[in-house]
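There is one chain below, alone, in C-alpha cells, taken in the form predicted on its own.
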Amino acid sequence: MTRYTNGLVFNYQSRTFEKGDFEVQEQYFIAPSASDMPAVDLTNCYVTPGFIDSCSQIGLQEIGIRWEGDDSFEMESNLHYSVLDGIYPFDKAFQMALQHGITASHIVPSPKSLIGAKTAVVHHTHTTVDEMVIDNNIAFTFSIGHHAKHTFFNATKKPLTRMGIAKTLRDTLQQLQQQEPAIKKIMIRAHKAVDIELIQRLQKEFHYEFHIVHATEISFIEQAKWNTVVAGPVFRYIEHNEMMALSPNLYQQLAMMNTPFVFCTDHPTSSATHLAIEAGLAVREGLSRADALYALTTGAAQFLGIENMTGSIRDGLFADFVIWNKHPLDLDAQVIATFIKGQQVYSQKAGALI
C-alpha cells in the first residue's frame, strides 16, 4: 500500500482541485486511512486522473513507420473486424502519451473505411494487448465523407456517392442488430452538415445510441438534439474541403448548444501528445478549466461506459493518476509522473518514485 499526501487532487464531483490525501493498494485506490505509515509528499503538486483520448488510432498506425505499420482499416466490409486484432502494443506513441498524462485511449479505425470495426479502450502500458484492454465492446464505427469516398474510388475506380454511403450504412446497421446485439453505441465520423443530417435520420430509424466524431459543421444544423460528440481535433491542418469550417470555436459552439462533448486527437491525425492542447484551446474559446478537465477524465470515462473502472480518483477504481508541476492546462505544465493501476509507468526523473 502507498499513501500520497498534501497534493492538490482533482475532485470529480466539485470539478475543483482540493488539498487532500489518497492511498493505493495494489491496482486500486482505497479510502484514506488513519495510518501513520510513510507517505509520498505531493506538496505544491497537482494530481488528476489519467487523461483519456476518446478517439485515437494509437497502436493501429505505428508512428515513424510507413504502410507496413498501418493496420487501421480494411476495404472489405465485415462486421467481425475488431481493433484489438490490429493494435501493436510497442508503438512508441503509447510511451509518448504517458509523458503527457494520457493513460488510456479509445481506439477507433481509420476514416478511410466506410465500415469500420468494433472499438476498444486500452491502457497505455503492459506487454500484450489482452493485458491492456479495459473494455473491448464499446462501439461499432463508420466513416462517411471525403476519406471513405476517396479510398473507395482509389480501390475500385468507381465513385461512391452519398446515396451509396447511406444505403450501405442502413444495410450494415440492420445486419449489426442481428449479428452483434450487444453493441449499443454507433460512432460515425463526419465533418459536413450534409453527413451530420444523415446521422440525424439514422437516429430516427434505428434504436442505437449514435455519436458523431469530428462534427465540424454541427452548428450549421438547428434545433437538433445530439448524444455526446467526440469533438476535434482542431489542432491540425485543414487537409480537404470538408474541414474548411474547422475552428477551436467548435467546443464553445457545442457548449452553447447544450451538447455534451469529449476531446480526441484521432492520433496520428493530431499527435496523442496534443490532447491537453485541445482542452486548452476550448478554454481559450470560453469553456471553464473545470469542465475541460472533467471532459478529459470522468466525462470521457462516462461516455465510454468505463466510469466504474477508471476516470476518477476514488475508492475501488484503477489507480490511474498523473502528478503535475502546475495546473495541467497551463501551457508550460509538465508531468512529473504517471501511474497506471498503481504502477509508475513514467517519471520525469528516471528511477525516482515521482
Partner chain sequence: MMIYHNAKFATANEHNDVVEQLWVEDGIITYVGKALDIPAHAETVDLQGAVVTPGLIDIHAHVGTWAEVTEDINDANEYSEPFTPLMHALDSVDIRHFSFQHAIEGGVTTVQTGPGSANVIGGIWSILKTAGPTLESRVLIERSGLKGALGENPKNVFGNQYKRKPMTRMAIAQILRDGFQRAKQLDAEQQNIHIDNNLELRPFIEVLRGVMPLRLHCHRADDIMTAIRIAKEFDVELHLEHCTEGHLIVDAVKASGFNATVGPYMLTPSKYETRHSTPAIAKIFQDKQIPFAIMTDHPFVPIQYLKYCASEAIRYGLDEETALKSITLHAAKLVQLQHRIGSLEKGKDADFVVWSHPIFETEAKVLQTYVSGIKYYEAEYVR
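Numbering follows the first chain given and starts at 1. Note that the coordinates shown come from a computational prediction; the quantities given were computed from them, not determined experimentally.
Beyond the structure shown, there is the form predicted in complex with the partner chain, which is absent from this document and is the topic of what follows.
The partner chain is not shown here, and in the predicted bound form it never comes within 4.5 Å of any heavy atom of Tyr88. Proximity of Pro260 to the partner chain in the predicted bound form: non-hydrogen atoms within 4.5 Å are absent; the residue sits far from the partner. Using a 4.5 angstroms threshold between heavy atoms, Ile238 counts as touching the partner chain in the predicted bound form. Contact annotation for Thr228: none of its heavy atoms lies within 4.5 Å of the partner chain in the predicted bound form.
Residues placing heavy atoms within 4.5 Å of the partner chain in the predicted bound form fall in a single listed stretch, namely 278-286, out of 160-168, 105-113, 128-136, 278-286. Relative to the partner chain in the predicted bound form, residues His267, His274 and Asp330 are all within 4.5 Å by at least one heavy atom. In terms of contact with the partner chain in the predicted bound form, the residue from Ser219, Gln99, Ser77, Thr151 that brings a heavy atom within 4.5 Å is Gln99. Residue Ile63 is the only one of Ala39, Ile30, Met309, Ile63 with a heavy atom lying within 4.5 Å of the partner chain in the predicted bound form. Using a 4.5 Å cut-off on any heavy atom, none of the residues of 142-161 reaches the partner chain in the predicted bound form.
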